[in-house]
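Shown here is one chain on its own, the form predicted on its own, set out as structure tokens.
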């Protein structure tokens, strides 16, 4: 371990939480504390910094088990409110992805390529307590003779219902612009021609992985706020790429890290799991995630004190370069500049708009803070931290 002036352990912090003595602040509050007293004193004063993000996370979904039927069925096709779920996991298990769209979506019939309802909306309906229609089909076997099954269910009727997301909470992300001569419809929203607007995502200074940029406290077993309930990091997410360029303060200047997460849908909330319909792109889901960062030393105190003005974001062209696999940054801007409502790209002033909600992300930070201070939420010590160097 480095020769720090302050050294704490997660076990020691958890004991302080149990004793009602832990000092817990949000990432927004930590910025002022670190500036006022410096990282060493901040590390002495603060035990946990809460982080949060709320935005569209396409690589998300849920594993559902709808229970054995009489006679039994081994479903080969499953539809939930008309949205197909992957059923190649035996018997009555299925996986519903948030970008899967309803085949008979009425909006798609009027405007091809546009969808109103998909897997993310199914998950939102479930956690909101609404009924969904489950339809299962099979070719039939000797041990699973039933060929079809249809039932109306709510979340409490499913024996198992897990949110299981392969790639969430990108550490940082692109700011998207469009230099082509036509309006384009993307997962980054509607981008008008000739660089007339710029869309960005993530919660900047509140973003979980930006507050622990080298993943010193985050890994398998980290307990988190997930969709309004309690979840866990189960490893690095797909496309985890810690080798992205970093600024002088160690903050990544691109997507970099991601996490895979799991949690029981029971106890989650439709407030923090919201189905989304992206014009011309398809469907997805807004996911709320909050991660507590234990302040074990002054290095973590310094890194959790990084502000929007110190976090650089790549501006990437989506109209011409990105579709062909390109997309090298045109320039870099800060989250502070993005949140001002206007940036300068290639000599022109461009209006900016967020796809993620800073207000909801801050609400997640505050909620997680209250859970920890009440003693109802202890920190989960990672059994293996996320990879911090490229493989």
Partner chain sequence: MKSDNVLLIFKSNIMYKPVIYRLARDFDLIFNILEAKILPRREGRILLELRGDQGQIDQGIKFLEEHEVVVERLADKVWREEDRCVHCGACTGLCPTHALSITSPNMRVAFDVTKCVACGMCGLACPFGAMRDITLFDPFAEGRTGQQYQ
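Numbering follows the first chain given and starts at 1. Worth saying up front: this structure is predicted, and the values here are computed from it rather than measured.
Quick note: we don't show the form predicted in complex with the partner chain, though the next part is all about it.
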Practice problem: Sort through 105, 298, 124, 317 and report the residue having a heavy atom within 4.5 Å of the partner chain in the predicted complex. | Solution: 124
Self-check item: Single option in 311, 276, 161, 134 placed near the partner chain in the predicted complex, where near means a heavy atom within 4.5 Å
Solution: 276
Quiz item: in the predicted complex, does residue 328 have a heavy atom within 4.5 Å of the partner chain?
Solution: no
Self-check item: 4.5 Å heavy atom contact, residue 355 and the partner chain in the predicted complex
Solution: yes
Quiz item: Is there a heavy atom of residue 217 no more than 4.5 Å from a heavy atom of the partner chain in the predicted complex?
Solution: no
Practice problem: Would you please decide whether residue 339 lies within 4.5 angstroms of the partner chain in the predicted complex, comparing each non-hydrogen atom pair? | Solution: yes
Quiz item: What stretch, of 319-327, 32-40, 356-364, 61-69, brings heavy atoms to within 4.5 Å of the partner chain in the predicted complex?
Solution: 356-364
